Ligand SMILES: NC(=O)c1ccc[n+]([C@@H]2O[C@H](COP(=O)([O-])OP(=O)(O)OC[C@H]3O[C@@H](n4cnc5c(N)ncnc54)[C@H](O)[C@@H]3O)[C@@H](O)[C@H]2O)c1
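Shown next as C-alpha cells: one chain only, the form predicted on its own.
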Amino acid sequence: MKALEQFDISGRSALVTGAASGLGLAYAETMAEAGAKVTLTDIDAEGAEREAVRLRELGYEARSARLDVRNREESRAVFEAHVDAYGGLDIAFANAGIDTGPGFWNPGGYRNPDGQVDTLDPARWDRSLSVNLTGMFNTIREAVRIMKAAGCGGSIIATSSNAAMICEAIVDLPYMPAKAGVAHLVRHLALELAEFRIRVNAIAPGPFVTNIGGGALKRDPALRAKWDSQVPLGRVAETYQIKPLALYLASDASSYMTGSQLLIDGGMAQGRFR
C-alpha cells in the first residue's frame, strides 16, 4: 500500500470529547477534513453545536452533543447516539480536560498563595482528577464497549501532556499526576485490547494556544512571550500544528502502533537552555 493511502479515513466515523475549542476542535476538524463523519462533544453544548454547524457549512458531515465526561450515563447515551447516527465508531479522541488554577509559582517570580500543596483547595484536586483522569476512563470505556461489540477494531487517542513526564512550577498541581495517570492508562489498555485490534495511543502536547488556563495565552502578550522563551523551538504552538499527528494516529498509517505516547512540545521535555 502506498504511504499516502494509509492516511485515508474517508467514510469512517469519529467522536471527539472537548471539541468546542482548542485541541479537541482541531482533532474534529482534522477528522472532517479527511473525510470522516464526526461527533463533536463538549460540556459547552452551544460551542460544540456552533462548530458542528460551521463544519457542515463547509460541506463536512458533523453533529454535536453535550457531554460531561464525568457522567457515565451521559457518556453511554452520547456514544450510542453516535452509533445510531453513523452506524458505528471507528475513532475516538478522549480529549476533554481542564486546568483548575495556578501552580505554586507565578511567571512574575513569586509563589502563588493558593497553588501549593498545603494551601491548595482539595476541591481543585477532586475536580481535576474527575475530569482529566476519570473522564478519560469513562470515554475510553464506552468507545471500547462499542468497538469490541462491532469486532472491527478501532483507534482510540487520548490527550495526555508533556506534564505527564516533566514538572512545571506554574502548572496546576493536580493536572500533572492526572496526565501521568492517562499515560499509564494508555499503556495498560494497549496491552489489554491488542487482541481485539483496538489500538490505544496518546498525544502529549506541550504549550498550545487554547482556552485552557482561561485562555490567558490568547489575551496576555507578556505571558505569551514568557512561554515562548521556555520552548526550545522558541514558540508556543497553534492548534493547527497538531492536526497531522491526530490524522496519523487515527488512520491506518499507525496500524502497527499501540501504547505509544507521542510528544509534541517544541522540545520542552528535553530540558531548557534559556
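In this text, all values refer to a predicted model and were calculated from it rather than measured experimentally. When you see a residue number, it is the position in the sequence shown, counting from 1.
Note that the form predicted in complex with the ligand isn't included here; everything after this is about it.
Although the partner is absent from this view, V131 contacts the ligand in the model of the complex, with a non-hydrogen atom inside 4.5 angstroms. The ligand in the model of the complex is not approached by S260, whose heavy atoms all lie more than 4.5 angstroms from it. Although the partner is absent here, A250 is not a contact residue: none of its heavy atoms lies within 4.5 angstroms of the ligand in the model of the complex. With a 4.5 Å cutoff on heavy atoms, G266 does not count as touching the ligand in the model of the complex; it lies far away. Listed stretches are 116 to 124, 102 to 110, 145 to 153, 69 to 77; the contact stretch with the ligand in the model of the complex is 69 to 77, by a heavy atom cutoff of 4.5 Å. Residues A20, S21, G22, L23, G24 of 19 to 33 are found to place at least one heavy atom within 4.5 Å of the ligand in the model of the complex.
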